[in-house]
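Only one chain comes next, encoded as structure tokens, the form predicted alone.
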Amino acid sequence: MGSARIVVLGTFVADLSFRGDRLPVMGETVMTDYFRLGPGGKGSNQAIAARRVGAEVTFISRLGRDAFGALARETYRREGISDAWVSEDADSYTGAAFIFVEAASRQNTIVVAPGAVAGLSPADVDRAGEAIRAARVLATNLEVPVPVARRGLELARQAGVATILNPAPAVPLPEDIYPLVDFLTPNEIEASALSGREVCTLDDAEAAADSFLARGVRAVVVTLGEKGALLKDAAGVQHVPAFRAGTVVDTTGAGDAFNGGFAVALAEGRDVRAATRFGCAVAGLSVTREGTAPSMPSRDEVDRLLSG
């Protein structure tokens, strides 16, 4: 595992998950018989996905000094993830997310309060520079402040470390961030928002990818849910179908599963096409079980699915 060193710069939030027939309208109360509390946050989920499929993972983030922060620390201890660069802010709170899963469709709606991680700064990233320089891949997303993500990408680029930016949630980005990104991994909504082109079809996804390549990104992987993913780079375009690993139970965290698996495959030396397929396999397994971090599969499961 030592050769697959990955640093994830991102968020931890406690996931408060509900499932029911529908969301209430404003002023209404709706009853449900399903609730789960567990570890979440895009960065944290990606770190756990990467660890479970074989990487040595270091996580950079910030927590409050509270019960949800303790949940994060226990999660990293149990999973074997280094939290040496996860700081604490006693004056803030650990992030939390409200997740509602529609029972019929298994689709989800999420509201996030980031808490202490909103105070993460480029200086915090600099302090973790040694870990970044020792990695094969740095992965980050936009749940951390944009200047923080940008600084992580800069340090990695300076050290020759491959960079992944999962632009979620989609927020306006400075143009000079794109040349720092080796692999951009938006979903359809994020690709639409950042490219200014509505993404509904494979052709739309390719057009959006072209706009990112023109801005300096090395390769773009647009994740497409049940349709898999579309990869575009200088070598051409490829549609990678989704894996059907069983009955879809919960799609929450599927994008994080993809990104964690994709990062591991790159860190192990696979080319971007093989890495995209590997990420799709991790995501395909994750949606067959409930939750975000708890749904991330093991390496043996992924290898069996890929060889089947």
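Start at 1 with the first residue shown and count on from there. Computed from a prediction, not measured in an experiment: that's the story for all the values here.
Absent from the display: the form predicted in complex with alpha-D-ribofuranose. The rest refers to it.
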Distance check, Asn259 to alpha-D-ribofuranose in the predicted bound form, heavy atom within 4.5 Å
no
How about Thr292: is it within 4.5 Å of alpha-D-ribofuranose in the predicted bound form, going by heavy atoms?
yes
Does the 4.5 Å heavy atom contact test between Ile81 and alpha-D-ribofuranose in the predicted bound form come out positive?
no
So in the predicted bound form, does Val287 come within 4.5 Å of alpha-D-ribofuranose, heavy atom to heavy atom?
no
The listed residue (Ala128, Ile99, Ala193, Leu142) that reaches within 4.5 Å of alpha-D-ribofuranose in the predicted bound form by any heavy atom is Ile99
Given that the partner is absent here, state which listed stretch (178-186, 131-139, 107-115, 221-229) has heavy atoms within 4.5 Å of alpha-D-ribofuranose in the predicted bound form.
107-115
Looking in the predicted bound form, the residues of 227-266 with a heavy atom no more than 4.5 Å from alpha-D-ribofuranose, listed in order, are Thr252, Gly253, Asp256
